[in-house]
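Let's start with one chain on its own, the form predicted on its own, as structure tokens.
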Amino acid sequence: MIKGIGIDLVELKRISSWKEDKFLDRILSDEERKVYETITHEQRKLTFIGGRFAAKEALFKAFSTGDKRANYQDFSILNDENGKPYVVSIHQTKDMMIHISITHTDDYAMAYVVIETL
């Protein structure tokens, strides 16, 4: 059964000036930061940040529990060996399946999340 759906769209130009350590430390988990540090192309870094930001905003919308204790670092958006994104959470999600898709263009990053109870 579907528990929640979330979507978010980020204008990359808007966050391009936010690529400072303070913003990155707030948005990216340690695991995501390690991936980010391996990216050498500046536009790819921007789409990575935009995609993670949009994904986490979409996650918050999908959970829509009103729980204000959750923050960006509670979730890691990683990629499997085929490049498909998946969510790692410090919250109890063992009875849930989180489906996530991230896409981007030169100007925007978008993420879509569906949370399904098992």
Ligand SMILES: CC(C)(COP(=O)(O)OP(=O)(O)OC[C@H]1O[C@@H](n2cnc3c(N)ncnc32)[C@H](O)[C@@H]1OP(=O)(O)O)[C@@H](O)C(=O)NCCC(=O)NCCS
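This is a predicted model, so every value here is computed, not measured. Numbering starts at 1 and follows the sequence shown.
FYI, the form predicted in complex with the named molecule isn't displayed, but the following is about it.
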Response to the item:
Among 56 to 64, 89 to 97, 76 to 84, 24 to 32, the stretch whose residues bring a heavy atom within 4.5 Å of the named molecule in the predicted complex is 76 to 84
Discussion item. How about Leu12 - does it come within 4.5 Å of the named molecule in the predicted complex, if we only consider non-hydrogen atoms?
Written reply: no
Discussion item. Lys45 versus the named molecule, in the predicted complex: is there a non-hydrogen atom within 4.5 Å?
Written reply: no
Discussion item. Since only the chain is shown here, I'm wondering whether Thr103 would be in contact with the named molecule in the predicted complex (any heavy atom pair within 4.5 Å).
Written reply: yes
